[in-house]
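Have a look below at one chain only, the form predicted alone, in structure tokens format.
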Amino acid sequence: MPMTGSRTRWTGKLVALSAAALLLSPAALAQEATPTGAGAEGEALVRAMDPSALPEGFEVPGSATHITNYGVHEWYQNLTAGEAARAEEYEIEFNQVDANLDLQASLAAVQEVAPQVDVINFTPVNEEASGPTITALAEEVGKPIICESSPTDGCTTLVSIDDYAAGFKVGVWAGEYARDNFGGTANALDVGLPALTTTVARSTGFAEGLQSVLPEARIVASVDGQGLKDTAVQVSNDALTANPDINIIFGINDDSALGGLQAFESQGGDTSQLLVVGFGCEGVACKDALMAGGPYKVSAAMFPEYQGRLLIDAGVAAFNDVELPAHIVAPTAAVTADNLGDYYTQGADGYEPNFEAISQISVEGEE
């Protein structure tokens, strides 16, 4: 059972890490990538963490809070649900505070929460603007601050996908599809979000993956959908009107891809000659669209429920002074109607993640 009670800092890192090697699950051993460099042993421990069989001497933090940047989004609903479920396994009290895309509210919340909890999980509203506050706070409170989604100065580690690599994967898939179904013609609309480095990396990865298969493929328009469906519909409408030859729509999240598709349909476009490529697949809408057999055929799945588990596991390791790398890469996969069932089981209550299968996705080459 997890150890609780008074907090006496554990210093036998090498002993615990060696013990943890004996606890590696078959799923963790199946990872093709072996972490190397600073924090590699700590990362291996995080990926193999088992709340019921922690290394000897490990203590469990009593509380953790995640300051999210946009809690109403389905990604954060599923991510924090994953965190809450994992925290319950450790008997950690878990809470969420939503900044609702307000930078000042975000920074005020993390400053208020930090003295009250043992581990802070933090999603920045603005990466650069959050850095000074997080750096100062980390020095002041001396507690783990685990960043999610976007890098920010001062964080103990970042738990997130490799956005470029995930974009490249679905770009390659799109190139192969266009080669086989569109006679090699690929004129793409990028419904992006230029305000964040992570989402820019998704768009860049997609474009370069697409062109790795079809060198003559074009990104004929890049628009700022702000990650919101209504905005994506509006800006996509304008781009589609100006570029009627578009036959691929890429969106940096579910809302962006679905908004682009809605705009295409509203203009009476021939969806049999359209490929929609999504990113995230965090919610029901993406999964239903994939299974419907329409133009939405592939998405770079980010598995929010699993990433939530990684966040909590990283916080527990950091609480015990385990050295972690700057970035713990969460797995991604190009999911389609053919392989969605490998990672999610559809039931009466929606789509349930298959954590064992997700944990075996290789992150090799994603850093």
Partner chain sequence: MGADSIRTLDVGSPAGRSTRRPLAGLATWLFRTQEGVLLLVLLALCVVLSRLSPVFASERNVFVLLSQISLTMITAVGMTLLIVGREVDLSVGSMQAFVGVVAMQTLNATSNLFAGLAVAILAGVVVGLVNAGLTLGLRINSFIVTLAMLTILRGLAYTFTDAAVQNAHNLEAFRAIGIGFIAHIPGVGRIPWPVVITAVVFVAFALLLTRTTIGRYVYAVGGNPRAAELSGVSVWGVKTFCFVVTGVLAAVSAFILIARLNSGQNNAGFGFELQVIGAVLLGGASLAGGQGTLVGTLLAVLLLGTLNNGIILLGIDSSWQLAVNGLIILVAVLLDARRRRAVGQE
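Numbering follows the first chain given and starts at 1. All values derive from a computational prediction rather than experimental measurement.
Unshown form predicted in complex with its partner chain; subsequent notes refer to it.
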Segment that reaches its partner chain in the predicted complex - one of 273-281, 216-224, 167-175, 84-92, heavy atoms within 4.5 Å: 216-224
Sole residue of 198, 211, 77, 185 within 4.5 Å of its partner chain in the predicted complex, by heavy atom: 77
4.5 angstroms heavy atom contact with its partner chain in the predicted complex for residue 228: yes
Any non-hydrogen atom of residue 117 within 4.5 angstroms of its partner chain in the predicted complex: no
Partner proximity in the predicted complex: residue 207 to its partner chain, non-hydrogen atom cutoff 4.5 Å: no
Exercise: residue 70 in contact with its partner chain in the predicted complex, heavy atom 4.5 Å: yes
Contacts with its partner chain in the predicted complex - residues in 226-243 whose heavy atoms fall within 4.5 Å: 228, 229, 230, 233, 234, 235, 237, 238, 239, 240, 241, 242
